[in-house]
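Coming up is one lone chain in C-alpha cells, specifically the form predicted on its own.
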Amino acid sequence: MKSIDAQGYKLEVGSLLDSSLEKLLTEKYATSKKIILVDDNTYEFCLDALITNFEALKEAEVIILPVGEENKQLSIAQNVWEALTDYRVGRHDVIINLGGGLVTDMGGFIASCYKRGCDFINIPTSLLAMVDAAIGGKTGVNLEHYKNQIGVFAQPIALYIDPSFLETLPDEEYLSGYAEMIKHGIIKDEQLFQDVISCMNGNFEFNEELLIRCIEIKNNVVHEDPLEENVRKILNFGHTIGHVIEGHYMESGISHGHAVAIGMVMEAYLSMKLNGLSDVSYAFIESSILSFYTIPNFTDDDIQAMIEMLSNDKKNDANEIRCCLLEKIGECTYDHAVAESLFLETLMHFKNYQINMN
C-alpha cells in the first residue's frame, strides 16, 4: 500500500484489503449510515468485492446511476437527493462513490450539495478516474451538452485506488484513461509521455509504476493550486477543444479520454502556431496520439456547432476563449487568449484528416 500526501485527505494506492478503509468505516463512521453510489457496470462487476470484504457495508444502501455521459445531469442528481432524503441520510453520514469518472464526479457533487455537505469517499474503478477524475476535488454535472457546467470544488474524506478493479475494463476504457496519462506526460514530464506511449504499444499491459507517477503529477499540481487559480489550469490541456468534441458527439459515444486525445493534438497544433512548440515535437505528439485515437469526419455543420459551444466554455474569461499551450513537451503554459477564428482554422485543418504515418 502506497500512501500519497494529498490535500487534507487520505490517498492510498494498493489493495483495498490493505487500506485504511476498514478502520475508517468502523471508527469514524461506526454509527453512520453508509450509501454506495454505483452505475450499472460497477453494480455488476465491482460492488460484490466491496460488500463481501467489508462487514461494515453489509447493510449499506446502494443507489444505481444510469451509465452514459448524457445521464450526467441535474435531473439524475435530484433523483439521488430525493432517495437520500427518503433514507433519512444526514450530514454526518457517508457516501461511497464506486465507479468511473461519471460516478466520482456526480457522487462528489451530490454529496457536497446535500444538506450543505455530506462526507464522501471515492473508490475509482476506471483508469481515467484513477489518474484524473477522482483526484483533486472537482465535482459536477453537465448542462445539456456543456461538460461539467454545474459543480463545486469538494475534497473527499478519502480516495482509495485499487488497481485490481482495472481487470474489469474493456480496451476502450483503457484507451480513455491512457489519454489522461498522456496528458500528464505532455504537460509535465516528457519521459513519462514516452513511457506511456511505449506501454500502449505493448498492448496496454498494466504498469503500476506509470499509474503512480501520473497520480503524483495530478496530486502535486492540485496541492499547489487547489482552486485552479493559476498553475492547475495546465491540467486542462486538450480540454478546451476536447470538451466541445465530447459534448457535440455525446450521443455518439465518443469517450472523454478519446475527445481529450483529439483535443491535445489540436491544441498542440495551436501551440506550434502560437507558442513556439517545435515542428518536430508537434509531429511526435500527433503521430503518437493518432496511432491510437481517430478524429471524427467533421462536417461544416459539426464545426460551426462546436465553435458556438466554445463561447460558453467555463474556462473563458473577459469574453475570451482561454486555452493551455505547450512551449515544448513537458512545459505547458496557461491563460492564452486564442481567437475564435484560430479554433475555426484548426478544426477546418483536421476536417477529414488522414495522418501520414510514413
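Residue numbers here begin at 1 and follow the sequence given. Predicted model, so just to flag it, every value in this text is computed and none were measured.
There is also a form predicted in complex with a small molecule; it is not shown, and the following applies to it.
- Though the partner is left out of this view, residue 230 does not reach within 4.5 Å of the small molecule in the predicted complex, counting heavy atoms only.
- Contact check for residue 46: a heavy atom falls within 4.5 Å of the small molecule in the predicted complex.
- Using a 4.5 Å cutoff between non-hydrogen atoms, residue 69 counts as a contact of the small molecule in the predicted complex.
- Shown alone here, residue 313 lies farther than 4.5 Å from the small molecule in the predicted complex, counting heavy atoms only.
- With the partner omitted here, the residue from 76, 169, 197, 157 that has a non-hydrogen atom within 4.5 angstroms of the small molecule in the predicted complex is 169.
- Residue-level contacts in the predicted complex: of 110, 133, 121, 262, one residue has a heavy atom within 4.5 Å of the small molecule, and it is 133.
- Every member of the trio 42, 148 and 176 reaches the small molecule in the predicted complex with some non-hydrogen atom inside 4.5 Å.
- Only one segment in the set 207 to 215, 283 to 291, 122 to 130, 88 to 96 has residues whose heavy atoms sit within 4.5 Å of the small molecule in the predicted complex; it is 122 to 130.
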